[in-house]
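Let's start with one chain on its own, the form predicted on its own, as structure tokens.
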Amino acid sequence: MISKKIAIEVLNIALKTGCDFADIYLEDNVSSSINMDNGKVEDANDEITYGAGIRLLKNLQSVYGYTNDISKKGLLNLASTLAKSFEGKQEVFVETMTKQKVGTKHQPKIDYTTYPKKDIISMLKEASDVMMGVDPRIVRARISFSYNKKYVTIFNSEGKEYHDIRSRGRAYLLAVAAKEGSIETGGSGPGASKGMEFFLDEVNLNEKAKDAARIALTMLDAKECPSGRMPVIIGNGFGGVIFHEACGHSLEASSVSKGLSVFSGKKGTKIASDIVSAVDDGTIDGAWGSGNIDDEGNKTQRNLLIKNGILNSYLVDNFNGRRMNEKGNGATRRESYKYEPTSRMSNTFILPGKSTPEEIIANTEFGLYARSLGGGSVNPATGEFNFAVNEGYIVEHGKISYPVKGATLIGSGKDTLLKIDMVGNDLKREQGMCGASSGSIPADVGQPTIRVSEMIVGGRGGQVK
């Protein structure tokens, strides 16, 4: 997008008042979205966005600015403006720029940008018809489909130059069921860092549509969930959102380095049950949150966060790593050039254990089986959370008894980790969007089926005796 010569000139202007590091992040993004309601296209949008962000670091201070004027003049003006934040003489000089090896994983076999839109619409229409045809009580089928292809270039004051291409696509299917004034929903949102081949060969949207309808219909006939303290079995896949929100964010250097995390200073100590190990892995081929490099140019890694209950590592970006005397470990991400990068999760999940899901249920005399979780809220400083259960069942005498709705899981990440007493062998990942200070980014959550020995369950079905 800009030449090495211009990049060097811009970086030296940024460095002129004494900052010790500077980088330029440029992106050119092609994106498209289609929204369908009951088989009819509601809207379809194509966008091309581009711009650049410049970051200056000096010790534990950072300054960031962005622009979509990526001309030489525009970039020099931005760099000069940001440099005024510091007072000093230039100590770092950039003279050459060397292109770094990035890798070519996660590249599409069938490019979204060249695949016929009419064929995508036909695929969505078929899935919509399947969803509506499951049962007359399915009154609405909403399906969205989006993809983007992003060209990223990074130049930094260490004389390093990076180029990367990132392509992702995702569908989201929502079924709405209604009966006698009661409305329930069920959803599914498969996605990958792959091309159109993911939807043609790897995931069946018609089956996803049926599953979304099944959840909505099941919850339509469900009883209100009882409340109280009880064992909770949390299903695989999107059940991992509790670990992601209540624990994962608390392992990011953006909070750990400032002492704002419940896990600050806890490396090497026991924070979870002995049977719990968890990773953040940005290298998984084609996974929704994967990448070749992070947004500082560091290669993505498989970071073992928890090993047999012991806190093993944090997710570290180069800047916050300065406070921790640690180097970045491939965990720096941002939504776009409009955001300053920081430590973020990629594909984060609890590793599989030895129990089967059937054994976990059979060993539970009474409790809640939260097969699928929905939204919630978390206090990142304490890890305290509450999450809605999208699909839940009461377990009695080691068997699934009946479906329940309106369940809420209440607790804290640090307590929940220690109370996990069974871990299944059925690891599964699901896709979502994670929001934080550097914007909304694609991330996988996941886990095998787990059991928490005791949690507070909220519900309107009466108190558990």
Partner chain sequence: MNYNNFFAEAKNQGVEALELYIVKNKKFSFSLFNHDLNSYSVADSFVITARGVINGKMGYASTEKVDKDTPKFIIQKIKENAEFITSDDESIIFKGSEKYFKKNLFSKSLADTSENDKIALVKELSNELALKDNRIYNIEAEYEEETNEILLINSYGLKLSSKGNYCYIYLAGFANDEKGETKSGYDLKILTDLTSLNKEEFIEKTANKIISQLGSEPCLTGVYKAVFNPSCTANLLRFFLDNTYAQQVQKNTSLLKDKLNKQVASSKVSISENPLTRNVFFRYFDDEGVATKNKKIVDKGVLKTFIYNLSTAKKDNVETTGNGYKGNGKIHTSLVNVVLKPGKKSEKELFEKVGNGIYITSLQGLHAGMNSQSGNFSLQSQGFMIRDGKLAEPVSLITVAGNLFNLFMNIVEVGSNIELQPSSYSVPSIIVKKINVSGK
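Numbering follows the first chain given and starts at 1. Here the structure is a predicted model, which is why all the values come from computation and not from measurement.
Absent from the display: the form predicted together with its partner chain. The rest refers to it.
The single contact residue among Thr382, Gln100, Gln90, Ser277, judged by any heavy atom lying within 4.5 Å of its partner chain in the predicted bound form, is Thr382. Put simply, of Arg302, Arg140, Arg137, Lys299 only one has a heavy atom within 4.5 Å of its partner chain in the predicted bound form, and it is Arg140.
By the 4.5 Å heavy atom rule, the three marked residues Asp28, Ala44 and Ile48 all count as contacting its partner chain in the predicted bound form. A residue is said to contact a partner when one of its heavy atoms sits within 4.5 Å of a partner heavy atom; Lys40 meets this definition for its partner chain in the predicted bound form. In the predicted bound form, at least one heavy atom of Val63 sits within 4.5 Å of its partner chain. In the predicted bound form, its partner chain lies within 4.5 Å of some heavy atom of Tyr337. When contacts are judged by a 4.5 Å heavy atom cut-off, Val457 counts as touching its partner chain in the predicted bound form. Proximity to its partner chain in the predicted bound form, taken as heavy atoms within 4.5 Å, picks out 75 to 83 from the listed stretches 75 to 83, 201 to 209, 267 to 275, 90 to 98.
Shown here without its partner chain, the chain has Gly228, Arg229 in 228 to 251 lying with a heavy atom within 4.5 Å of that partner in the predicted bound form.
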